[in-house]
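Okay, so here's just one chain, in structure tokens, the form predicted alone.
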């Protein structure tokens, strides 16, 4: 950073800058997690994941480990045309995706964004799904696809309990939605009913897709060793391919299934008490869901800016920043946006950006203040990357041990603004994963449109597996027939 310690601040209440630095560092110390502490966090997550997978322990697990019924990653033979529906906020997208086997590529042929008006977000479920079905009809017309009956991948980013690849029960609405008659119901059914009410087009099959799984699958066609999906954006979550024999809540011992960890809830049982700082506790208290998503609140974009704001405020109150004068803006929750962290940490323009941002927040700053602000951002985002690495290390180590390997080569499909936009988050994350999972060689791929192309890929794989198992059932039948014939021959 451009700040050298030789530069002394005007001799005021804090004397030389050296003592200032020491006092600031004392406040930042709780954010600096040693390798031992990270290993400890990783070991705790491992226990929680096992608890989440268990048939009888699942209900009291804070890491839910939800079965997704996605039983394979792409093998490169998938092909054809697919529809994808992505509903996760105030807009939803409809896409036409084509999977090309020869070129091993997934193409977005076209897409359309449809708004969801407030009255529909708060109306009946029937009206919501009628609106979705109408937008889908309009899109099919514009694409001249109405005559075809295509399979559809449905990314529905709300808490659901999945019962099968094409059966998913909404647990509760979030993000400003509150449609009546949907909670406790199967959303695939509601969509199909709405399409049938129209009666002017049809879809062949539906696959429900969690956005994390979509992230994994959208990378899985390019790189067939991609068996983990991770999102670090507004929220954070990950999924990975687990051995069926360990998925105690679903029948069957053979093969694998993708598990949606819902790791944002890690620590909700209090097991991360010793890692939380006073600032994390404050963020939790003032959030819309106190006591919930403890891990997510230390890591994801929705909260990082607020943590930085609280640290800057504390340092100001301690007269270590801004001559002890906070501005109205600094006292306002949410005023320090997470994107400011990325801007302030930019290697070349960071200090200039810091000055602009501090000015925008009406703070009376000098160069030392700008450097301290940068140090705070760096400390908070670095902790986020290292905690994320501890969690990811748990997963890659688990896959390695599951498979009895001395060395695992695997790929993680990643998405989310924090990972994409922050100048050194991905470097910090990767460096820490190397330390925490030394026997694993982990490649990171930025996913391309997990909720669109990824959803299509989930559908393509589900279709391939359904066809394979149908072929298997048919051939089993033929064997029996031949045996019958042989018996008859023998009897003659």
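Numbering follows the first chain given and starts at 1. Everything quoted here is computed from the prediction, not taken from an experiment.
Below, we refer to the form predicted together with a small molecule, which is not included among the displayed structures.
Asker: Can you say which of 383 to 391, 204 to 212, 248 to 256, 364 to 372 gets within 4.5 Å of the small molecule in the predicted bound form, counting heavy atoms only?
Answerer: Answer to the contact question: 204 to 212.
Asker: Give a yes or no for residue 177: in the predicted bound form, does one of its heavy atoms lie within 4.5 Å of a heavy atom belonging to the small molecule?
Answerer: Residue 177 lies outside the contact set for the small molecule.
Asker: Residue 293 near the small molecule in the predicted bound form, any heavy atom under 4.5 Å?
Answerer: Judged by the heavy-atom cut-off of 4.5 Å, residue 293 is in contact with the small molecule in the predicted bound form.
Asker: Would you check, heavy atoms only and a 4.5 Å threshold, whether residue 157 touches the small molecule in the predicted bound form?
Answerer: Yes.
Asker: Does residue 237 reach the small molecule in the predicted bound form if we count a contact as any heavy atom within 4.5 Å?
Answerer: Within the cut-off, so yes.
Asker: Though the small molecule is not shown, can you say which of 227, 262, 186, 280 has a heavy atom within 4.5 Å of it in the predicted bound form?
Answerer: It is 262.
Asker: Just give me the single entry in 321, 304, 84, 231 that has a non-hydrogen atom within 4.5 angstroms of the small molecule in the predicted bound form.
Answerer: The residue from 321, 304, 84, 231 that makes the contact is 231.
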